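First, one chain by itself in structure tokens, the form predicted on its own.
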């Protein structure tokens, strides 16, 4: 798999601020794209992209906080750094409670912005890795047969092969064969790993 290059999306209706922030980010080595309003971003930005947002709070049309709420409803997990020219404390509290990474005031200091962007991209990388791990485990689990899933659950509940065989009315060697298939398909080598995977999948354990 090739890793997607993260993009810092700068959304601000103030042309001078938007262009200055975008230039600063590009000079620091980031891939950056700017938008004059929330609508332009929503029309142009892919929902599954990696990166983060540097977002103005007050804009004509949907505000930054309204865009944050809309993205959350869509399941878009791009981290958000807010910029505000007003330093409104209640607004900053609202933004942070809704999941914003940072709330910076204009004129934004170069180091403060770059530090916030670095932190936001690190969060995005971690979130993307967790999502990829979850999708991978789900695909492995979907590859199991119904009987293998049944045995998977019983194994992580701590039942012995002979107990599983008795409960299901099958031979113990058949349980062993299914158990080996479960381990192979879930790509684990130890019982401890299988128990951890079951926890990640949200399967019940004893």
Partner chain sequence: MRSVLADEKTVKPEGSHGHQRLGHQRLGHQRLGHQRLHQAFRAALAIAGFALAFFLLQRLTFLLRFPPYERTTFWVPGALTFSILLIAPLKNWWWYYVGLCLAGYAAYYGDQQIPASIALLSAQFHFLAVAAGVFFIRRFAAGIPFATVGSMLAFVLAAVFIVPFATSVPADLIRLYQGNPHVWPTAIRSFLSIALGMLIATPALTTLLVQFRNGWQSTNRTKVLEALALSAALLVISFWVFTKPAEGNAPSLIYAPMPFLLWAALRFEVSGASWALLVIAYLSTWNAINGRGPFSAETPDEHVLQLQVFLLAVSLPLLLVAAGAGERRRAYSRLLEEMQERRRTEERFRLVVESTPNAMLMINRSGEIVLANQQTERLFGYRQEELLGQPFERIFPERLRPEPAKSLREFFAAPALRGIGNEEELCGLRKNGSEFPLEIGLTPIESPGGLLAFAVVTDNTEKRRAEEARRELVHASRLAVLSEFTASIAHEINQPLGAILSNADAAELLLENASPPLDEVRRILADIRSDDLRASEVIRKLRGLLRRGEVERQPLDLNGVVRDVSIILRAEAHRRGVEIILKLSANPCIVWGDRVHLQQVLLNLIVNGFEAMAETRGDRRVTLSTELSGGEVIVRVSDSGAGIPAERLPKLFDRFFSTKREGMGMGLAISRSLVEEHGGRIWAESPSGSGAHFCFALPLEPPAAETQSDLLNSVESLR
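Residue numbers count along the first chain shown, from 1. All values reported here derive from a predicted model rather than from experimental measurement.
Another form exists, predicted in complex with its partner chain; not displayed. Remarks below refer to it.
110 is the sole member of 72, 125, 131, 110 with a non-hydrogen atom within 4.5 Å of its partner chain in the predicted complex.
Just one of 143, 28, 160, 171 comes within 4.5 Å of its partner chain in the predicted complex, counting any heavy atom, and that one is 28. For residue 21, a non-hydrogen atom is located within 4.5 Å of its partner chain in the predicted complex, even though that partner is not displayed. Interface membership of residue 17, defined by any non-hydrogen atom within 4.5 Å of its partner chain in the predicted complex, is confirmed. Remark: residue 39 does not count among the residues lining its partner chain in the predicted complex, judged by a heavy atom distance of 4.5 Å or less. Mapping the unseen interface onto this chain, residue 85 counts among the residues with a heavy atom inside 4.5 Å of its partner chain in the predicted complex. Annotated contact segment (heavy atom within 4.5 Å of its partner chain in the predicted complex): 55-63, selected among 55-63, 143-151, 176-184, 163-171.
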